[in-house]
Each structure stands twice: as C-alpha cells, then as structure tokens.
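Presented below, as structure tokens, is a lone chain in the form predicted on its own.
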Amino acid sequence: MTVTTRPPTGSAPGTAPSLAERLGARLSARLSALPTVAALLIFVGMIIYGEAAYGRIVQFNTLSNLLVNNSHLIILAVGLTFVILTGGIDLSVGAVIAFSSVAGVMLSNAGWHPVAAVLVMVLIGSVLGLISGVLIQYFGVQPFIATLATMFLARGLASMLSTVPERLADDSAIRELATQLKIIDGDKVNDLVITPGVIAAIVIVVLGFLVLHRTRFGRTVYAIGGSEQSATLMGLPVPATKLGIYVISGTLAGIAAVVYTSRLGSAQNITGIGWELDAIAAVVIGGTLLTGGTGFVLGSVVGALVLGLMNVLITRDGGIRPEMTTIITGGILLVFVILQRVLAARRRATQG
C-alpha cells in the first residue's frame, strides 16, 4: 500500500523559518505599522495645509502651544494604549481626572503640602484603576461595563466634593508645574517653551515605549491582545498583566490631572467629560487596533497631536464652528477604523 504524505506547510520545530515565513512576517509587520504611518502623513499634511492657508504654523510658538495644551491628552493616550493593546477599554479616565483634580485642589487649599496633594491625586487614579482591573480580571465583568461603573463612581465622588469650580491659590506650588521654560529664544513671541508638564509627558512616552517593547510585561500585553487563551497556555502572567494595565491607565489619568490642573489653576466636577473618547480616538488614529495585539505608543502620540493640531487649524480659520471638531474627529476615526479592518483582512490572508 502506498502512503502519500503532504509536505509540511511550516518549518519543523527547531529549524530556521523558511523564506516564505520570513517574508510573511515582514509583510505583517509593515501592515501593522501602516496606520501609524498614515497618521504621521496626515499630521504632516495638516501642517503643510495650515502653513499655506493661514501662515505662522511652522513656528516654535505653535509647537510649544501644541505640546503644552495637549500634554494631558498625550499622557492619557499612553495609558489607553496599554489597555487597548489587550483588547480592553477604559471609559473612566475623564472622570478620574475630575475627581483627582477637585480633591487635589481642595487638599492644597486646606493647607496640605503640595507634594502630598499631588501624590493623593495620582493615588486616586491608581486606586480607581485597580478597582476596574479587579472587576474585569477577578469578577469577569466586561471592560466596557467595569470602567463605565468606575466612571460613574469617580464622577459622583467629584460632585460630592464640589459642584462649583475650585481654584488653586495663586501662591500654590502646584502651579509651578506649568512654569514655562524657554528652550529657544526666537523673534518676538516666537519662542520654543516647554513646561514641567510637557517634560512629564515626554518621560511617560519614553517609559511607555520601553515597557512595551523591552520588557516581559510589554510582550505579555501584546500576547494577550493577540490571543488571551494562547498567552495563558504559554504560561504568561495574564491575570497580573491585565490588572496592571488598568492600574497604569488610572495612574496616568491621575498624573494627567496634575498636569492639567497646574496649567488651568482650577478644577471642577465636570472636568474631563468626553476626554476618554478623545484619548481613545488618539490611540486608534495612531494605529492601535481596537481588537488588540497591534499598536505603538509613539503612534498614539501622533494621534493626540493630530487632534490637537486640528483644533489649532479650526481656531485659525475662524469660519468653522467649534462643534465641527467632533464631526471631523469622528470622520477621521471612521477612516482609520475602516483602514484597520482592511489591513486585518490582508494580514489574515497573508498568514493563511
């Protein structure tokens, strides 16, 4: 009797991957990076259009304002990148900012040491993130529902503390976190300046990049997004990692509250409404798949800058109603979601 065997479709265990497999891996990596590249091209295109249409876009002061005004959004986007990479979601970050900022301002005005007040603001974010993580990992609650509950909790606690704007004292040391540091002295008002809040955002971006791409924790985050069941079978610390990403998201929301409050000088229970959606939009525009497994921290930063620059261009135009910002954001987000679906289908086709 003759037995016919099919040739193996992949490399045998312990052997080097075939040329086809290497090419497929490279193609998959390029497809994964395509949305981020597209976001970067949109950002550059917006700069070119703004300079041609309105002028004075490619200037130091425009870059300074873009970084200073969006540093809190960049911090939020880094935290949401960790969450969305696992296929999760965090709807609580805007409300966390409200509760954290109101509590911090009231504690500062009550005579607490500024460092202690700031630590409490960050700790509030960490605790609320921990609550979300516990609900999701140990009680089996869907991330959407768990973080929605945390959102209502944080917003309610902020309203219990105060329903009117709480203003930082003029001599509060927390305001020093918004002190402008001149990097380049340009002509007239065309200076390149940053603030300690911008420095904090940059440090967080760098740390987020290193954690995701240089640590076992980061590799586990990507593995969970690819297939949580497979990650568990591989012996990866899935429960601790899922708990950790929500703690990270909450902690970064607390830091964002510190950065924003120091710049604005006040806090209110309605602060941060819709900011979680802006952060999610920045992450998706930056190339992170909502289903998880693919994305980059630097892409999320580009996404946040795209949204920030869009607001600058609308303000410069003067003829576009501010309400159009959400419509334009929705349109851009829809385009990137469709692009992600197309690329995901292409990736499955190349792997098949």
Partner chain sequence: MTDVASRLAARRGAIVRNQAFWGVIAIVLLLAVNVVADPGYLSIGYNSGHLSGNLIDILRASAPILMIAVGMCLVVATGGIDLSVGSIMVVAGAVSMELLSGMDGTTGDAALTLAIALGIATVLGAVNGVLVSVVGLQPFISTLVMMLAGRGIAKVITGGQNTTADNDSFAWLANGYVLGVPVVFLLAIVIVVLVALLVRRSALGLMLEAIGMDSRASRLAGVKRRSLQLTVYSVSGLLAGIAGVFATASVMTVDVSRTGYQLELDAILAVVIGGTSLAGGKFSIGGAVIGGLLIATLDKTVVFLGVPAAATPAFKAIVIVVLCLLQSERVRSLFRHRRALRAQSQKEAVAA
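Residue numbers count along the first chain shown, from 1. These figures come from a predicted structure and were not determined experimentally.
There is also a form predicted in complex with the partner chain; it is not shown, and the following applies to it.
Visitor: Can any non-hydrogen atom of Asn109 be found within 4.5 angstroms of the partner chain in the predicted bound form?
Guide: Close contact is absent here: in the predicted bound form, Asn109 is far from the partner chain, nothing within 4.5 Å, heavy atoms only.
Visitor: Answer with yes or no whether Ile273 is in contact with the partner chain in the predicted bound form, where contact means some heavy atom within 4.5 Å.
Guide: Result yes; Ile273 sits at the interface with the partner chain in the predicted bound form.
Visitor: Are any of the heavy atoms in Met151 no more than 4.5 Å from a heavy atom of the partner chain in the predicted bound form?
Guide: Yes.
Visitor: Please tell me whether any heavy atom belonging to Leu277 falls inside 4.5 Å of a heavy atom of the partner chain, as the geometry stands in the predicted bound form.
Guide: Yes, Leu277 sits close enough to the partner chain in the predicted bound form that at least one of its heavy atoms falls within 4.5 Å.
Visitor: Of these, 140 to 148, 186 to 194, 68 to 76, 119 to 127, which stretch puts a heavy atom within 4.5 angstroms of the partner chain in the predicted bound form?
Guide: Answer to the contact question: 140 to 148.
Visitor: With the partner chain left out of view, which of Val198, Ile89, Ile248, Val258 would have a heavy atom within 4.5 Å of it in the predicted bound form?
Guide: After the contact test, the surviving option is Ile89.
Visitor: Could you spot which one of Met160, Ala169, Val115, Leu207 gets a heavy atom to within 4.5 Å of the partner chain in the predicted bound form?
Guide: Checking each option against the partner chain in the predicted bound form, the one that comes within 4.5 Å is Met160.
Visitor: Would all three of Gly156, Leu290 and Gly330 be in contact with the partner chain in the predicted bound form, where contact means some heavy atom lies within 4.5 Å?
Guide: Result yes, every residue of the spot touches the partner chain.
Visitor: For the stretch 306 to 327, which residues lie within 4.5 Å of the partner chain in the predicted bound form by non-hydrogen atom distance?
Guide: Heavy-atom contacts to the partner chain in the predicted bound form: Arg321, Glu323, Met324, Thr326, Ile327.
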